[in-house]
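Given next, in structure tokens, is a single chain: the form predicted on its own.
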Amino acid sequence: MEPVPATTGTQAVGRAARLLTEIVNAPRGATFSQLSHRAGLAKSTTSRLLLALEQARLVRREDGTFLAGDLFDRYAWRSGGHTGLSRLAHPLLERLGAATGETVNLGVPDPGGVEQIAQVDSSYLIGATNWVGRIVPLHASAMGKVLLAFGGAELPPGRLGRCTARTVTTREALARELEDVRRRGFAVTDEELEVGLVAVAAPVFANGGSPIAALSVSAPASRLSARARTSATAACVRSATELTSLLRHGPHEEGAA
């Protein structure tokens, strides 16, 4: 008996898998011509399959190069990889930075406080500090207060260190403030981490009840007036909510019944 030929659907899956394997194995991605040649596929077939992979978020296109898509980033952060979370969040951070003109940071809990894992710089010269890789105290930072308020982090034992004259250093006062943070859904620090620095932050959730990260907007106090702070806070909360939705549901399930 002659073997049953593979179905068109099975062939398509196999060819798409070959393309995806080539993309994932290429350290800096691969061009269309490279993929067509390496996979041994006609250009028309390569184009059709790449389009399908893009629509499924398995592949993304960047500067004429094909790279692994958002779904791989989501898998990476679920496995504990901060790089995947940073890449997934980056477009949102860029939009938030463009909307506010100020420094935008993404931070995650760390045994020593909050670690900054991604940043979009301010459009201004003043206040453009690089915070990536730095760990800031939970009680003195907006991101830290958000994580504390919603159960994403715990205060270490011992005294609360004083960073400036305005730092909250008693657990009782901090507990009262965290109640306000839970009620409002965001946190604010006004010259508590550094003199002249104001920041607002909102929590980022995934599939659990506690936040896995926090998103913040920071600027010199002279620039983040009460009105500007209100606008920046609203934009920050919207972006954190959008990132939460992406982490929980993915790009194609948002708004689904």
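In this text, the rigid core denotes the largest set of C-alpha atoms whose superposition between the two forms falls within 1.5 Å. Sequential numbering from 1, following the sequence displayed. Only a predicted model underlies this, so the values are computations on that prediction, with no experimental measurement involved.
Omitted from view is the form predicted in complex with the DNA, to which the following refers.
For the DNA in the predicted complex, the listed stretch (210 to 218, 58 to 66, 224 to 232, 196 to 204) containing residues with heavy atoms inside 4.5 Å is 58 to 66. Contact annotation: R38 falls outside 4.5 Å of the DNA in the predicted complex, judged by heavy atom distances. Within this chain, V188 is remote from the site of the DNA in the predicted complex, having no heavy atom within 4.5 Å.
Although the partner is absent from this view, N25 stays clear of the DNA in the predicted complex, with no non-hydrogen atom inside 4.5 angstroms. In the predicted complex, A17 stays away from the DNA, with no heavy atom inside 4.5 Å. Looking at 33 to 54, the residues that come within 4.5 Å of the DNA in the predicted complex, counting any heavy atom, are S33, A42, K43, S44, T45, S47, R48, L49, L51. The rigid-core alignment places the CA of S222 less than 2 Å apart between the shown form and the other one. With the core held fixed between the shown form and the other one, V195 has its Cα displaced by under 2 Å. Relative to the superposed rigid core, the position of the CA of A235 differs between the shown form and the other one by less than 2 Å. Compared with the form shown here, the Cα atoms of V108 and R61 sit 3 Å or more closer together in the predicted complex.
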